[in-house]
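In structure tokens, the next block holds one chain alone, the form predicted alone.
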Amino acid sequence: MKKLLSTVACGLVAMSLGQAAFADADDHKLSVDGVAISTDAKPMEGGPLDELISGWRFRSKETQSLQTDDFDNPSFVFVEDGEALFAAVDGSEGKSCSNCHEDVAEFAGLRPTLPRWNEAKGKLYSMEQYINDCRVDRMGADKWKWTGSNMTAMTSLISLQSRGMPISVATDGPVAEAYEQGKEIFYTRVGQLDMACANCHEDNYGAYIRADHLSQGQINGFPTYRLKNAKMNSIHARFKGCMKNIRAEPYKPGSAEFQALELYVASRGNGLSVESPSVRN
């Protein structure tokens, strides 16, 4: 019975996939406050994709336009929250982020390299871990929830400092094992619908499903403001949502599995510009 349900469900998903174009070929220029941001790039040699395309290209013109002006971009309400948190004293040490980091602009160049190997900790690290380490070790404050509003506000603010810079995530050396683990997760079919990340974001990107176009699943725009839930969404929250959509048991945000997947998915977009904070459906 379970096999029958899975087969029927997969059939319904396949029937809902159309082949409508996602955007006009010449409609791919993104400029924010006069700064040009590349929404396509050449893939790494031997990579799985023939071309790299930002998720911005798959959105409607109305959604795209929200990202072309920071005044109109709804994510900047949360960036402002991040600025307030950056200056706020918290924890037993009576410190704020700004006590150690006088200007958040000093984080320019960080977002394109994450996740990366933390030599001191001996493991793969995402931005959320660096933030929580500072809160606990330097401020004497409590950790923030990986997908919580304070965390996404702060990651949005920090990521903004690298807007326009190319994603450049390392996949060799000490992170090689995690990279291979993330790759395996990306291509492994799971859940009641018996689907893998690649089935949507590699085999069918550009196809029309549920009144929207499937993208390549690039994460260069995260954290991203989603019109669907009117808040900032982290990378791991989106992974969790995708796994639930295919009726699979998701890994926990911040887990080694989702970090490995984050590394692999980020590497698929090496060369695309950081768009954080972006706007998506």
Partner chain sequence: MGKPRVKVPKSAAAGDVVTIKTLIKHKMESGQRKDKDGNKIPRKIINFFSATFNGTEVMSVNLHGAVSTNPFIQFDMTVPETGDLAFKWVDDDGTVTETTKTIKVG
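Numbering follows the first chain given and starts at 1. Because the structure is a prediction, the values reported are computed rather than measured.
The same protein also exists as the form predicted in complex with the partner chain; that form is not shown, yet it is the one meant from here on.
- The contact with the partner chain in the predicted complex, taken as any heavy atom within 4.5 Å, belongs to F76 out of F76, Y125, W146, F186.
- Contact between E80 and the partner chain in the predicted complex is found at the 4.5 Å heavy atom cutoff.
- Under a 4.5 angstroms non-hydrogen atom cutoff, the partner chain in the predicted complex has A230 among its neighbouring residues.
- For the chain shown alone, D40 is not a contact residue for the partner chain in the predicted complex, no non-hydrogen atom being within 4.5 angstroms.
- Taking the partner from the other structure, the partner chain in the predicted complex has a heavy atom within 4.5 Å of a heavy atom of D72.
- Only one listed stretch (106-114, 129-137, 171-179, 80-88) carries heavy atoms within 4.5 Å of the partner chain in the predicted complex, and that stretch is 80-88.
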